[in-house]
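First, one chain by itself in structure tokens, the form predicted on its own.
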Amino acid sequence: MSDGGNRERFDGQMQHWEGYLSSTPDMFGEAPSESARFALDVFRDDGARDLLELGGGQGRDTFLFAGAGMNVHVLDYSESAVATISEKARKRGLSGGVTTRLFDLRRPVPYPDGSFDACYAHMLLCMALIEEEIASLCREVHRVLRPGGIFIYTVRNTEDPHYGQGTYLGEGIYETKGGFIVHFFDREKVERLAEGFEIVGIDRCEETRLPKRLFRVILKKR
């Protein structure tokens, strides 16, 4: 699959997000998401300790995991996001449990095979990524997870009220109001991206503060 000639548009999302995150330090609030609370329960039940978080934003979920004693490694392509998480971790006395790294997740994940017990990504996979890039990222997650490792992610789905609005860019991707590019998922796409994983669950949920309609996907490495 290709980006349909929209690569410049997609690449511009990095600067677009950087502007919002740098000007609004608590853009999403301080409280952890319901998806993170759910994920923490699953990770605890599975005995997970080492967690890879993709797209940590401003850390609202990061600190839930770190506060529960997990070793959290955060990858984000926003300099402001990485700086904000690092500073908040220092102020909260959680620097020992939080490692941040500025990184573009369209590239191979910078960790050896089998480095983590779990991976978490809240609405990262539904950003300005084409399906080929998402599939590559999912393969990388599979690679860096230990056998039996858990991958929990959320994505906006095609029942979301914003689906179909704005400029269509192909593959279920729209540039919506405010200039944000969103990749909306149907169930078939979720299933295609689960290669190499056991699908534990594909649940519907909502991020009510926004509001957004999501799939919450729970996968286990075979």
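Each residue number is its position in the shown sequence, starting from 1. What you see is a predicted model; the values in this text were computed from it and never measured.
Missing here is the form predicted in complex with a small molecule; even so, the following discussion is about that form.
With the small molecule left out of view, the stretch that reaches within 4.5 Å of it through heavy atoms in the model of the complex is, among 57 to 65, 162 to 170, 184 to 192, 38 to 46, 57 to 65. 105 is the sole member of 144, 89, 130, 105 with a non-hydrogen atom within 4.5 Å of the small molecule in the model of the complex. Using a 4.5 Å cutoff between non-hydrogen atoms, residue 123 counts as a contact of the small molecule in the model of the complex. Remark: residue 77 counts among the residues lining the small molecule in the model of the complex, judged by a heavy atom distance of 4.5 Å or less.
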